[in-house]
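What follows is one chain in structure tokens, specifically the form predicted on its own.
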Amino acid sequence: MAKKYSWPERGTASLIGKPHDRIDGMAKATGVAKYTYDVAPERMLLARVLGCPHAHCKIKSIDLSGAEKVPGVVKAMAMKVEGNEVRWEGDPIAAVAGESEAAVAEGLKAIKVEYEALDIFVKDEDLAAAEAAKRTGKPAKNTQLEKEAPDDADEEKFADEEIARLLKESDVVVEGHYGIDVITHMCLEPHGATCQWDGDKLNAYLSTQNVSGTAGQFATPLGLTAGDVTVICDFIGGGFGSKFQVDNFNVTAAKIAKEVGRPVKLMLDRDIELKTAGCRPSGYINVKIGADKNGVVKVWDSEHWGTFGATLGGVDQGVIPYVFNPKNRRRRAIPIITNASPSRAWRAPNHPQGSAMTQVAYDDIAGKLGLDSYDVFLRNLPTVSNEKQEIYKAEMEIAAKLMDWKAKWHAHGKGPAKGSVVSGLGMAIHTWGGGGQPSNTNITIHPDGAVEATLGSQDLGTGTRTVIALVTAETFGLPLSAVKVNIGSSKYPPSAASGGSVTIASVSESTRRAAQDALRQVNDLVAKKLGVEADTLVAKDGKISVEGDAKKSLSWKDACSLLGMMPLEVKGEFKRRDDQGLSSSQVGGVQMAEVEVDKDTGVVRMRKFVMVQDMGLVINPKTAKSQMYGAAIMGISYALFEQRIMDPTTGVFLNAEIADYKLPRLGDIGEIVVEIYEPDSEYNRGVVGLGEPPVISPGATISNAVCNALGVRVPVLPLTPKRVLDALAKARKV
């Protein structure tokens, strides 16, 4: 069947592929945009939750009577019952709603809870301690060898002997320990909702990245149907993977609102936000790899572990080693349970950890052989797992020019020093899917020429509204300002959650399909009016005209007047595996960092960060680059600053406040250079998501740059001054 949908031939588009400001930029900059936190219906009550002060305990009793006697408190509601086991600090125990923040605060203080203390374990980097505490799960193993074991052989013994042989025959062997700590999501707007009932119907103003998928999550625990619930989220102040679901505190807000007959706003306090609203899992690895004299890895053997917190899990072994897939490799993954909040998807789940734990080992091969890291990465490209070898090669060449790599490079630890300050370069590569997910768009063309695009998507700050408007306006030959975009309600046609970098591919697909179908119907009317064939018509510059004969045309408004009294509404639907060439998946990217390290203080300072990224056809380069800048800053943050610090004895999250959870300031970022790689081969693949890929590699890239500067590996991220100094001290003892 012939494809019905397509993008403009390269070089012919009026809007797509050119930089545009966000259509909601002014609203956000001036405060006109209303986030969930800003919603304040009349007679609204404020609510907060009481978080458990213990990392592991059992609830013996809860007494809310004192809270309900506090003046101004309207309702107190338990979220746990006697006998419940609490497995992390900050897990909500009860909620209080009142007329003022002060009344709610006093109400929370008046709640009496008796706890029975239970054993605590939070030392996720210490595998031996986890095993001794019986906090490990069943290991997962995966072995791949060039040589097959004989039919009658013990496969594990054969693998042991084969890997030992390959390591012995290698020109160089690196044995290392690497890791990356847990970080939290730290959304600027915390999790929460304002719930308001209209009879038996619930309106939930929810801070969510899943507008179309959360109405049912409210409905089930409230005994409603999804159709009884409307979820609204016009703007969201950060999600990063942690806001797909309706949490128990959201449902509690709805229950209180129903009982008291008033709207209730319950947004998490910052400390509870950090303790319970999601984090990125940790990962630590012991690895031994063998390579030839050119740095090409011949054998990989590793054991890694980490924690999802209070649920069993760890970094997927599929990202070990990351992107590279040597012909001989063995990996073993061990999950650990700790008394900390369960993880939630954090940008490109598993990939930042896989990159940070394994591409540093490739760089250590370069260091041990005295080779240029660039050459070692280049020579290992034939083993990449995603068939993007040539793309990476081209992106490396561009990145190297932007960094001036060859002029700046020196062997690990051999560069010039300015007093105690040394500098270094590092690089890493990454991959991600980013293909579209199911999405539906309604395009409405009014007889007066007005155009609306309506879908149940959301804008996490990625420029989704602008992309929808661009695709629609391009299709109809209109200016960007001529299109109104309606998103942010569960009553709109359903569209996928914004996770996995799928949004732009999803909404571009459904919107382009709807718009092209709608244009065909308008063209039929215009063709009849002009007495021409419909397939000779093009929409451009506010007119529909015969291609090559501008005299035979109608203005857009005149064309739309042919619709009569009623608007034209057309639905565009995209489902996975319905390939029309509008979107694709799989992207790659290359990043390079230049750092300075003070060997006396251990402070790492960013000098320059270069990122080259492919993403298929680029709808709006300005917002695409904006995402890359943001990803670089987020990556620098987790590479050098962010760290959840737990008390090993009590399991208390020690830095769970915005003043203590260290984030970078503008002066910590250095120069960022971003480059979109979009040759014809990429443009012709259609749209691919971008949001997460650029945030994958900064950890490994910066770690490799620090190692190049010092000649010493600082094994675990973040690279805090203490860890840098500890690594230097350890190196001096060897």
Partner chain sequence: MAIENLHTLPDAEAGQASCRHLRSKGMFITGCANPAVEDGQVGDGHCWCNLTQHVLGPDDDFVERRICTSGRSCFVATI
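Just so you know, these numbers come straight off a predicted model, no measurement behind them. Positions refer to the first chain, counted from 1.
The form predicted in complex with the partner chain exists for this protein as well; it is not shown, and the discussion that follows is about that form.
Pick from 528 to 536, 81 to 89, 370 to 378, 559 to 567: which stretch has non-hydrogen atoms within 4.5 Å of the partner chain in the model of the complex?
Partner-contacting stretch among the options: 81 to 89.
Considering the partner chain in the model of the complex, which of Asn655, Gln245, Ser423, Ser637 comes within 4.5 Å of it through any heavy atom?
So the residue touching the partner chain in the model of the complex, by this definition, is Gln245.
Just to be sure I understand the contacts: of Gly295, Gly456, Gly499, Gly588, which is the one whose heavy atoms reach within 4.5 angstroms of the partner chain in the model of the complex?
Here the answer is residue option Gly499.
When you measure heavy atoms, are Gly213, Gly216 and Ser343 every one within 4.5 angstroms of the partner chain in the model of the complex?
Contact check passed for all of Gly213, Gly216 and Ser343.
Heavy atoms within 4.5 Å of the partner chain in the model of the complex: does Arg576 have any?
It does: once the partner chain is placed as it appears in the model of the complex, Arg576 has a heavy atom within 4.5 Å of it.
How about Phe476: is it within 4.5 Å of the partner chain in the model of the complex, going by heavy atoms?
Output for Phe476 is no: heavy atoms all beyond 4.5 Å of the partner chain.
I'd like to know if Lys123 sits close to the partner chain in the model of the complex, meaning any non-hydrogen atom pair within 4.5 angstroms.
Output for Lys123 is no: heavy atoms all beyond 4.5 Å of the partner chain.
According to a 4.5 angstroms non-hydrogen atom cut-off, is Gly72 in contact with the partner chain in the model of the complex?
No - in the model of the complex, heavy atoms of Gly72 and the partner chain never come within 4.5 Å of each other.
Even though the chain is shown alone, can you say which residues of 412 to 432 have a heavy atom within 4.5 Å of the partner chain in the model of the complex?
The stretch touches the partner through Trp432 alone.
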